[in-house]
Ligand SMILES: N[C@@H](CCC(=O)N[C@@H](CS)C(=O)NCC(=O)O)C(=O)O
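There is one chain below, alone, in structure tokens, taken in the form predicted on its own.
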């Protein structure tokens, strides 16, 4: 594969961990560089228009910011071995689990970072934004740089009142993942899928690497910790296979049911709310957020932000489902029934979106 790629990011970054894991497994020749304050000013903001990492610069000077688009880019260049399973059940589940990792597990990831690992995070931010400082000065610079991220926590729903429910759900998820990774190296066999790369974002940078949450994972779910290590440093890149016959491991079903129970109602509500927002704002570009809505975890209800981007991720799963016909479609519906997700088959997106020029826009 072509050499000379540059990945601007950081070890503490949720989505850099996703991109790095994919690039390592796919065997891409790349150099990772820290997204310092100077890099944001000289490269990231001028190239994409806003401060966001990771950012990949290709050898022909193409800038790709979104991690799913980064993966799509390389899958198109080198389709085999693919991270997209070919069987309808596995492929649909993989899309859903990428959506779950990218857009929902941010709740426990941000909760644990700022409730238990804040001093560590301040120090990590300081190393990036103020590499020439040291000690208390670097720590204070990191604390100031972290204000935007820490300030977003309540909008994501990770409030102090929700902490017991978030922790109970996450610990149960760890138990479910631990049981699965006791039997399988990855979600669907001996090859990572797009679903694995979705889950690695939160489960590496925040929930494995941050010390307090990392200790929880290593002690409670050692098989998950070993999967995280495999994902970041693959022992055999570009090898492995998905389970034969489109087999859906029984150990994945509780994880998908958890997703449908917690995230599912929010996905359905988002499609309705985004359509209503567009009707009220017909000539307006899509903002990063369009308001707040209810979510429920472990019987506790609070408010969290509505993100139009999430619908783009959802549409990828729905578009795949709608592309299926005959036995493949019937098989996919049986899978959705098994995980309490049949509502997805009739879910409409009256205000579809797409990605263009590093933004979420109306389709």
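Predicted model, so just to flag it, every value in this text is computed and none were measured. Residue numbers count along the first chain shown, from 1.
The following text describes the form predicted in complex with this ligand, which does not appear among the structures shown.
Among 297, 317, 53, 332, the residue placing a heavy atom within 4.5 Å of this ligand in the model of the complex is 53. Contact here is defined as any heavy atom lying within 4.5 Å of this ligand in the model of the complex, and by that definition each of 65, 102 and 148 is a contact residue. Figure note: of the listed segments 297 to 305, 333 to 341, 23 to 31, 66 to 74, the one touching this ligand in the model of the complex, with heavy atoms no more than 4.5 Å away, is 66 to 74.
Though the partner is left out of this view, residue 288 does reach within 4.5 Å of this ligand in the model of the complex, counting heavy atoms only. If you take 302 to 317 and check each residue for a heavy atom within 4.5 Å of this ligand in the model of the complex, you get just 309.
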